[in-house]
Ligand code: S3P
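A single chain, nothing else alongside it, follows as structure tokens in the form predicted alone.
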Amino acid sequence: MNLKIYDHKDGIKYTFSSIPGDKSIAHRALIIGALPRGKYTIKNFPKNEDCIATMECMKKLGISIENSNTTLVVESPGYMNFTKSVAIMDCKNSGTTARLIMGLMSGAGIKGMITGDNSLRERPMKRVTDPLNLMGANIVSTEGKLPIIINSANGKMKAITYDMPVASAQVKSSIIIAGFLSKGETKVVEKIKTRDHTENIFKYLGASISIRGNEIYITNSPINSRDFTIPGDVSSAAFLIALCLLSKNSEITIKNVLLNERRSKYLCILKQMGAKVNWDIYEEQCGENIGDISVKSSVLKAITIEREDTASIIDEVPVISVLAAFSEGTTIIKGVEELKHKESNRIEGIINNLKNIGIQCYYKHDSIIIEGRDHYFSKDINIVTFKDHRIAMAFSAAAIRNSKNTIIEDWEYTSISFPECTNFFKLFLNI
């Protein structure tokens, strides 16, 4: 399904009282939250395809999940009583599901196959299978990609010290989950700190976990079932913020949003670009800060984003690239190599589509360089999304600056992470 955007609106003033729950926390609330035996609820669970894939995988382990609108009631027998053999874990398009489930199954001694759709089967998994095999897992794969076969380690998983070769919260989380289920103390060392939702949830459940600088230590310990209220997804809010920034005379407020320090880096970068964006933390839920974000239309300027910051905004790089296209000067985003290994080669998607709308840009030495200017354009354009939800949503923001038609190809893929986005975007775009 292609989406046609033929006009846009200015002068928007609106408050979003809530947005769908954060994907990263929702995955972990199901996977880590189900480790202890007990019954708990998850409120504001996002109904995107990725999180539904995790829910269906967890059911195969013998976990009961009652689903009522955006509230789940989860009853777990505890990891020691999980079903010990499953035929196929189909993770669909969700890399988070595949990598975290890999750590769970290995640590809990569960046999089975993990696979996914065509896109997920092209993404690198050796970065996860290697450390898990070092811990005593018995994982077989072809060329380090899905499908993989996990043969039970029969409770013989052992702790390791692991220096992360790549900055990846998914890889780190898989090792931490397996480490919790192993004998001894597992130590994970990050060169660059990544999002810490896994650590926060283990703390929230009462696990023996500690963080010392860039080192995470975890051992098996008693933990308790606890309820979760998932804060709004700041990565989804990123697209609404971009639409507001690029429109004229507009103001929005987005309430009850996740404001984890390593996820709100996107907002800090927007501030550096001159964006009129502010946020206020007022509460903690399930170990995470939440608050409100206020945004006003802004004139933006180019900046350089350093490698150590890119790890915290890896999902927001596409939308930042679109904002950079309409900022004065040359924006440089360093350390973007990981974007080649997402749902698509996002570097290719960003560069090709920016050139399509008349922006000079290129990829060099692991950096995206964008020659931006504060401008409007007037031509019919087709955005090629490579069936990537974040490319589709990011480049819909460019339509705010186009007086002619913008076609977003394969728009249906936005349901992977943000199925409600069309309803939200209607405020700004005639769709």
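Heads up: residue numbers just count along the shown sequence, starting at 1. Only a predicted model underlies this, so the values are computations on that prediction, with no experimental measurement involved.
Just so it is clear, the following notes concern the form predicted together with the named molecule, a form of the same protein that is not shown.
Figure note: of the listed segments 80 to 88, 290 to 298, 353 to 361, 169 to 177, the one touching the named molecule in the predicted complex, with heavy atoms no more than 4.5 Å away, is 169 to 177. Interface residue remark: residue 327 is not counted as part of the site for the named molecule in the predicted complex, having no heavy atom within 4.5 Å.
Although the partner is absent from this view, residue 190 stays clear of the named molecule in the predicted complex, with no non-hydrogen atom inside 4.5 angstroms. At a distance threshold of 4.5 angstroms between non-hydrogen atoms, residue 199 is out of contact with the named molecule in the predicted complex. Although the partner is absent from this view, residue 139 stays clear of the named molecule in the predicted complex, with no non-hydrogen atom inside 4.5 angstroms. Shown here without the named molecule, the chain has 96, 99 in 88 to 104 lying with a heavy atom within 4.5 Å of that partner in the predicted complex.
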